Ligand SMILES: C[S@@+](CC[C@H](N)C(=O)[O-])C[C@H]1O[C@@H](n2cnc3c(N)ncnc32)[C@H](O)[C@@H]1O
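Next comes just one chain, in structure tokens: the form predicted alone.
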């Protein structure tokens, strides 16, 4: 099948399956099997696609996240390996990294903890953009720890990665950053199939973890990603725990997404 025909077929089948962005996903899939970019797909419209395309299309039709189907996903300056051991890195989390970098500006060799690291996206991005940072990435899930290590090795970034729980926050840091589970259990059934049926539930569902981490943390700076409508509550919790200079930062859609404070 030629690329042009594959694009049209994939778009049609993905739309039928209820995928929100069928054309874009079709372009990503075709680009992947051709070893080119989305913009390069249209210059390769007459190229024959390898047999693997059909299997990848079927996986996406079953609403497996595109990042898992492709096996990698872009995050800031990095391309991370992605699979069901950890959440898909999301664009809104890039704002978390941006805020961390802003707070660390002028800080020589700071010690940074990424708590609940998943694929390692936050810690690895900070290490990539601030090579003097002494970064540690921790997750309670052994699979996520293994994935983060694989990403660190592929990217040749010096980040300590280990298994652990929230108590690691008490070890003493210059900055603690976390994107903890913040989806309430009663929201679960309303989530898209890509999330509900494929991504690790334990990395998504949780309540009160922002406050627990902030209470445990021995740190000068703390940065959180928060769910829709949660920013004010988390900011108030930080204030009640003695944090000051509390800032709320929106993501690219305008939703309040990042809350940080200092001691």
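Note that the structure is a prediction, hence the values are computed from the model and not measured. Residue numbers count along the first chain shown, from 1.
The same protein also exists as the form predicted in complex with this ligand; that form is not shown, yet it is the one meant from here on.
- Across the proposed site, 110, 131 and 174 without exception lack any heavy atom within 4.5 Å of this ligand in the predicted bound form.
- In the predicted bound form, this ligand sits within 4.5 Å of a heavy atom of residue 93.
- The shortest heavy atom separation between residue 203 and this ligand in the predicted bound form is within 4.5 Å.
- Residue contact check for residue 161: none of its heavy atoms lie within 4.5 Å of this ligand in the predicted bound form.
- In the predicted bound form, this ligand sits beyond 4.5 Å of every heavy atom of residue 100.
- Partner contacts here mean any heavy atom within 4.5 Å of this ligand in the predicted bound form, and among 151 to 159, 188 to 196, 137 to 145, 100 to 108 they occur only in 137 to 145.
- Residues are counted as partner-facing when one of their heavy atoms sits within 4.5 Å of this ligand in the predicted bound form; in 163 to 190 these are 164, 165, 166, 179, 180, 181, in sequence order.
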